[in-house]
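Coming up is one lone chain in structure tokens, specifically the form predicted alone.
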């Protein structure tokens, strides 16, 4: 297993290099730059002063040279500094990622707690009323964008639940109840579409497992339906469910960007959006690379977990 994990990490290196190139080019293709955004409509800047500002921020260099300076810093473990604040980017990403990780983890837990039992019940009552209800819920969840749901929740709380309408983030460790109040509705907005996906995947996985020979054998041995469903059906359905949960956790980090801005949460989403608006290139590049690294690590953990779910799996 250790050799497999090491091999996966080595394979991930070209992927991360490709991510750095793509992110760098996409950010620099955005019209405008940090100097133009800072100056705004000012007209009292001379060409000499403008050239000095370009030189100060290093954006007068060719793109390949700017990329190499940033990439060589990454290799040395230096994410660089923000062009707008001058602060180390690691100091900006750390607190922001804590908020995003809490939001994504909370939404994932909420989705799994609701969706897995719902998918199992739907599969065990195929083509009956409970199955139709679960499938209808999944269809609605897939159809509702999380930013639209988030906006509705902000509007609804401001009218009907004013005590929950002040989304002013506080740390979980500093004020647990206040943190729960601020994060509950953002988690719901982010979790709904994930609930729909996991519900459908769980239902399909359980239906496939119910057709297997060992399940029929278990019934023939006289085991109770609950014992069969828990020991033989659910356990053998966990691998596809774990796969989709792991993949969606990575996508949650991207979806959290929109939800965080809707609810004004100081996470990675707000950090990236502000950096894009200010053309703070190093912050956008490093934040996108950091999310890519987290996505790769999550997928590796999911793949390794298969061996614990099904001991017969062997890693090559």
Partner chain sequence: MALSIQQSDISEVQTRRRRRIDSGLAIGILIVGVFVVAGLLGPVLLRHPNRMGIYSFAVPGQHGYLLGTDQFGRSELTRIVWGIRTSLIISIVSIGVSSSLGTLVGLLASQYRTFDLIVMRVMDIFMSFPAILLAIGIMAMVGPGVPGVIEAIALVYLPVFARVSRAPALEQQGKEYVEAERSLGSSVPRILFRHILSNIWPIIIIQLSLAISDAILIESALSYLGLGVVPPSASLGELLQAGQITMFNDAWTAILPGAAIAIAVLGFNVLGDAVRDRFAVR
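Numbering follows the first chain given and starts at 1. Since we're looking at a predicted model, the values are computed, not measured.
Although not depicted, the form predicted in complex with the partner chain is the subject of the following passage.
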| query | finding |
| --- | --- |
| Single option in 215, 152, 133, 223 placed near the partner chain in the model of the complex, where near means a heavy atom within 4.5 Å | 152 |
| The unique member of 143, 174, 87, 161 whose heavy atoms fall within 4.5 Å of the partner chain in the model of the complex | 143 |
| 4.5 Å heavy atom contact, residue 58 to the partner chain in the model of the complex | no |
| Proximity of residue 296 to the partner chain in the model of the complex, heavy atoms at 4.5 Å | yes |
| Residue 147, heavy atom within 4.5 angstroms of the partner chain in the model of the complex | yes |
| Contact label in the model of the complex: residue 35 to the partner chain, heavy atom within 4.5 Å | no |
| Candidate spot 98, 302 and 305, all three touching the partner chain in the model of the complex (heavy atom, 4.5 Å) | no |
| Within 4.5 Å of the partner chain in the model of the complex: residues from 272-290 (heavy atom criterion) | 272, 273, 276, 277, 281, 288 |
